[in-house]
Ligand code: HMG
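Only one chain is included here, represented as structure tokens and corresponding to the form predicted on its own.
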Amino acid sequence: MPTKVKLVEVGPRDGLQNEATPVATDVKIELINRLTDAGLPVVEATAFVSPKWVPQMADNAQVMAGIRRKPGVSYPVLVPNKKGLDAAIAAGAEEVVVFGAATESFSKRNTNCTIAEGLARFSQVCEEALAKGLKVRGDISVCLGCPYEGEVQPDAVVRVARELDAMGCYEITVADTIGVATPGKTRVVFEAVAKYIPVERLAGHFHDTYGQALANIYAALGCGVATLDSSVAGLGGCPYAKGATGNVATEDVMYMLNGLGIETGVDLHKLIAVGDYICGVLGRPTHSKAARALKAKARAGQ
């Protein structure tokens, strides 16, 4: 088990992008500022994608201009192509995220191109971003199950991971996009990728559709993975899987890591308050079980 874990907060981007009702720009800015005040070292701020496809991210430049950038905190942004990269650079981004998929069907449905076409596009993005001094993170979707193809072989994940590594991605995220993984499968995939890429450069991204996210994170930790994506209050649905509850809640991950004695630098109580803030704006309760339980305990004076 690692003694310290880096939490990558994806709520402001991955968590909000599927919200049907537009979230005000000032709310997004306030959410990001509160997350950094709670101690999150990395906050995925927004995405420079077509507003036609993701209208919730149309205010990306305004968000980047409005946030209070805290020294030592990273604010990566998602970019699908060179046009997105150029817009991100103009907005002052210092780190970008490119995203591929482990299956052809998901790649075509999600980005309207084959895996090879997507990688060629990302290669151009990475080359320009690195030349301009930006850091690049690579995300791989549906590594542990695909809504169109079902089981995903570890070799398919390894192939994409090695391509992203060759492009210069400093960190590569293995994502269980639809939340179907189990701990055994999680271990197999991370062990397969770690044969080619140092485990210190791998991250895990888990959805909790089947209630397995924390168990899968525990398995990833056992492989030496020390970077984890999560979303405050469990924000974010999954449009590709019926009954999906979205990203694992940062509060729940924190509660487990605290119990394991693993350092994160994040204040759990401040984080719960951030979850209360955004859930109040969205008009619904938190998905975090730890947040609900700790608040009930506080109300009872225990």
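Start at 1 with the first residue shown and count on from there. Keep in mind it's a predicted model, so treat the numbers as computed, not measured.
One more form of this protein exists, namely the form predicted in complex with this ligand; it is left out here, but the text below deals with it.
**Student:** Quick check on this chain: which one of 186, 103, 227, 177 has a heavy atom within 4.5 Å of this ligand in the model of the complex?
**Tutor:** For this set of options, the contacting one is 177.
**Student:** Considering this ligand in the model of the complex, which of 142, 125, 164, 220 comes within 4.5 Å of it through any heavy atom?
**Tutor:** Contact check passes for 142.
**Student:** Contact between residue 51 and this ligand in the model of the complex at 4.5 Å, heavy atoms?
**Tutor:** Taking the distances in the model of the complex, the answer for residue 51 is yes, it comes within 4.5 Å of this ligand.
**Student:** Is residue 25 close enough to touch this ligand in the model of the complex, meaning at least one heavy atom pair within 4.5 Å?
**Tutor:** Residue 25: no, not in contact with this ligand in the model of the complex.
**Student:** Can you tell me if residue 135 lies within 4.5 angstroms of this ligand in the model of the complex, counting non-hydrogen atoms only?
**Tutor:** So residue 135 does not count as contacting this ligand.
**Student:** Hey, in the model of the complex, is residue 121 touching this ligand, heavy atoms inside 4.5 Å?
**Tutor:** Because a heavy atom of residue 121 falls inside 4.5 Å of this ligand in the model of the complex, the answer is yes.
**Student:** Specify the contacting stretch among 75-83, 187-195, 210-218, 154-162, defined as having any heavy atom within 4.5 Å of this ligand in the model of the complex.
**Tutor:** Residues of 75-83 come within 4.5 Å of the partner.
**Student:** Are there residues in 89-107 with a heavy atom within 4.5 Å of this ligand in the model of the complex, and which are they, in order?
**Tutor:** Only a single residue, 99, comes within 4.5 Å of the partner.
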